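As a starting point, one isolated chain is supplied in structure tokens, in the form predicted alone.
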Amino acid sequence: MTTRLTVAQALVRFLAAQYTERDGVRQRLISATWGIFGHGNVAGLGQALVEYGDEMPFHQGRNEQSMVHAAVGYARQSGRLSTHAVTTSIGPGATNLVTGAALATINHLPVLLLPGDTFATRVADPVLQQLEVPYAGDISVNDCLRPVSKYFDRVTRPEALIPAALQAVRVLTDPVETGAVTLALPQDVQAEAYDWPEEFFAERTWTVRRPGADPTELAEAVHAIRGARRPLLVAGGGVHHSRAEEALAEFAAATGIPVASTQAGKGSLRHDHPQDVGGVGHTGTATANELARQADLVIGVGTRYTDFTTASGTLFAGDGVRFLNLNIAPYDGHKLAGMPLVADARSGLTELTEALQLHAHRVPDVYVDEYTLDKERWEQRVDACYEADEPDIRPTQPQVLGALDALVDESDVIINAAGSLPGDLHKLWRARSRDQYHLEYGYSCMGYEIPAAIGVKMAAPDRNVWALVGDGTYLMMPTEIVTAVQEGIAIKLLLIQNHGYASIGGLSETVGGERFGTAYRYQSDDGTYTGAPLPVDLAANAASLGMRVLRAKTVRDLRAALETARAADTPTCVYVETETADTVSGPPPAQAWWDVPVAETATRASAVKARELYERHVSTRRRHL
């Protein structure tokens, strides 16, 4: 039996019939499609989505990059078991996908990209927006997506869709390989009809695997843990992807081993779990980083060991320190010359806990007492940062977070990606649930937060979802506010005005750049941007896009506005201008180094001094072999 459909119609029907299953829970893989239409997809996928609107829900986006961010937010909140597709026209619509694709792939989050493409038949050549490449006739701008996609194919004939679509879904559902998947669809092929076998549209369920550990690797891991005097576990994003939080809590409680977290892994344990010692690395806590410096065994679970986590190779400084890497990806399991334990995070942790309990293994009480006391001291520093004795003054950024911290419960989700907020949040935020802390720090993409909040809210409609955004990020991509208003998606936007790129301004100052080009100010007579702050009104801008806006000038105002926003059932923004660290105490400084190369030769004193400090830090770098 066959059914005659266009390529685009067949793809939509195929996608609507794909399911994932893990731990007995089954759900649709592609639960909706985002789209912006142009000549490259309006008559193909656009028509198909009209034809099969009852099978494939549709969401109208305003920016192609932000549509990918919304899909990624949805996928992360859904545990990577469900995601969205994104369709664009050929040309700028397609190339606008590149940043979002890179973000998805770096963070191992599935999203399906369906950009239109130039004519496969080349009957009209060149067409509008076609990139002409004299040395290769088969290249289009969509080839920009190849290096940022985990799978890429160009469907140049109707029958080629069948293997391409099956491979695309295979990658989307693979816990090791998942990321952005791109099927480039020439506009003429999209509209071409073909007789499709009915089997292509049958429901398919793709099992998301939970592989266990190899017995030899497991035995070696147990031996290493039992022999360690000062072990430290580093929880990465893989803990969340695996839904291994309970298994980690059981492992930590049974062994007494302290647990530090990366940006992606924060919330793997609740902040008040006895073994949680907070963030690790450049943006981490003093407690976790001191444990890291003295650890003789680092147990990485689901982490990629980025430079922020390792403090650019300077953090894990103990003599003879070894690494045990529990990771579903062999590539990450072998990092830092570590002992690999290649397995699903939940399966591996469960197996480790059971094996260690056979030996009644637990770290010495004196070690537990040490990190417990240090954790208490750090919590006192957090309280001091959050505290606002004078409620009628302008808040600092930590005090803004403190006001939000006092209001939320475990049902709230906070989203951030870039600027100075990730550092403050990693150090200070008290995560109350496994998915409350949603930081995109694999790509740290400005503009992620608002569209991602929409995706998260779609996946968790009963949760309060907060997008925490600085003025720099807001100006990058506020457009999806219109989408939230259009669809009645009641996200909460906390918009913080500090007049520039505060994070990079601070970094610039430490590396001899003198905050050059990082402030949003008028130019002075010398050509530098050191004049008065620009008279922009971001609150008015958000209101003009349809959002309800609450302005807060003081700590007292802020507390009331946040409470009102949390109770709102429409998209609501709280706007606050913060006091800068130049005039008041800011958050605790970095507790570990980060390598940003400094000019090797310069005449300005700031750069010369920064280079001296840089060379001292570089001398402490280690290669773990």
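We number the residues from 1 along the sequence you see. This structure is a prediction, so every number in the text was calculated from the model and none was measured.
Beyond the structure shown, there is the form predicted together with a small molecule, which is absent from this document and is the topic of what follows.
Exactly one of 248, 114, 291, 445 has a non-hydrogen atom within 4.5 Å of the small molecule in the predicted bound form; which residue is it?
-> Looking at the other structure, the residue within range turns out to be 445.
Which listed residue (179, 500, 338, 402) meets the criterion of a heavy atom within 4.5 Å of the small molecule in the predicted bound form?
-> Spelling it out, the residue with a heavy atom inside the cut-off is 500.
For the chain seen here without its partner, which of 378-386, 342-350, 431-439, 472-480 has a heavy atom within 4.5 Å of the small molecule in the predicted bound form?
-> Correct option: 472-480.
Residue 418 near the small molecule in the predicted bound form, any heavy atom under 4.5 Å?
-> Heavy-atom contact with the small molecule at 4.5 Å: present for residue 418.
Contact test in the predicted bound form: residue 253 vs the small molecule, heavy atoms, 4.5 Å | Looking in the predicted bound form, residue contacts with the small molecule do not include residue 253, since no heavy atom lies within 4.5 Å.
Tell me, yes or no, whether residue 504 is in contact with the small molecule in the predicted bound form, where a contact means a heavy atom of each within 4.5 Å.
-> Yes.
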